[in-house]
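Encoded as structure tokens, the following chain is the form predicted on its own, with no partner shown.
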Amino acid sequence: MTAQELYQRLKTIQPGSVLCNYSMEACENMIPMINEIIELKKQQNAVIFAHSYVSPEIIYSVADFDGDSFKLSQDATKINADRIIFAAVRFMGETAKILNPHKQVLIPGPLTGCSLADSITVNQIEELHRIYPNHTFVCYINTTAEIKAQCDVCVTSSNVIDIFSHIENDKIVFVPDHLMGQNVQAELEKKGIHKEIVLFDGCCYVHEQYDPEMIRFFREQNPGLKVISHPECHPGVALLSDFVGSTGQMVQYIRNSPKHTPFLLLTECGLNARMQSEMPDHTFIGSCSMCKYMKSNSLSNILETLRHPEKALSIEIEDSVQIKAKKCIDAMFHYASL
């Protein structure tokens, strides 16, 4: 890759933070790292997965697969590589490992947590099992392998409504995101589907910050504004949005919209940067709401991981947890295919 090629992909991204200042000089400085990463990938038969929330220079230079959690989960079932470098957070790397138990999965970023995934412990879900023995346990993909192993089926923000609709049991425990759970309840009621859903109290620290007043303010300042929000947002935000969906569904909604439509994306700002690059005919407004965990991934620590894989965080999962967690994820693929 050349600096000019990289600059062409990144030049339309508006500087909303120091992470998105893509001058030609900045691109020239990144090229040696990028080309070494590309060469090391070939030597090691490695692939790089990148969630839409990581910095765009990763997605547009070295990533072999990118997208939202569900797409990356699907991609993880199809790869033919010895090593997976997962530029995201630990729970996503665990999902890849569950689906590829014999491949090495490495996480390059130093901050591997997730406020949502870390909000529930094994002891807490075991207690919920004791209280609700007759409920079907559904977990959001933003959970650890140990939590997935305690659940019947996993969901992502792109398939949660369909899967809840297909679950035969009318009694469900959903962990850990109570804001998404409330949005799911509201959407199911709209469809005439009645479920008794027990919610936990976890949330994403990025998405919980959005509020209805923010939407009202931006609408007043931007006539014709389309507001798109993630289902991890507050129900009041979802109610005032023109569209609610996963990052992948947001992208499709924007692609299908008329040119020059102004958008407010209420999700992590990595997606905003991607849309500025891929769809420059639209206008994207709003400030950068950054996930410190996703943004801890960088070209430099991806390169370091490939140079010294023995020093990187390698995902290891106990066999008993691996087997149970895979059943949970396999159930997601089953329900999603109905």
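Here the structure is a predicted model, which is why all the values come from computation and not from measurement. Residue numbers run from 1 along the displayed sequence.
Just so it is clear, the following notes concern the form predicted in complex with a small molecule, a form of the same protein that is not shown.
A.B. asks: Although the partner isn't part of this model, could you tell me whether Ser157 comes within 4.5 Å of the small molecule in the predicted complex, counting any heavy atom of the residue?
C.D. replies: Result yes; Ser157 sits at the interface with the small molecule in the predicted complex.
A.B. asks: According to a 4.5 angstroms non-hydrogen atom cut-off, is Ser246 in contact with the small molecule in the predicted complex?
C.D. replies: Judged by the heavy-atom cut-off of 4.5 Å, Ser246 is in contact with the small molecule in the predicted complex.
A.B. asks: Please check if Phe86 has a heavy atom lying within 4.5 Å of any heavy atom of the small molecule in the predicted complex.
C.D. replies: It does not: once the small molecule is placed as it appears in the predicted complex, Phe86 has no heavy atom within 4.5 Å of it.
A.B. asks: Wondering, does Phe49 line up within 4.5 Å of the small molecule in the predicted complex on heavy atoms?
C.D. replies: Result no; Phe49 lies far from the small molecule in the predicted complex.
A.B. asks: Please pick out the stretch from 306-314, 276-284, 32-40, 64-72 that is in contact with the small molecule in the predicted complex, where contact means heavy atoms within 4.5 Å.
C.D. replies: So the stretch in question is 64-72.
A.B. asks: Let me know the one among Cys151, Val237, Met92, Val105 whose heavy atoms come within 4.5 Å of the small molecule in the predicted complex, would you?
C.D. replies: By the 4.5 Å heavy-atom cutoff, the listed residue in contact is Met92.
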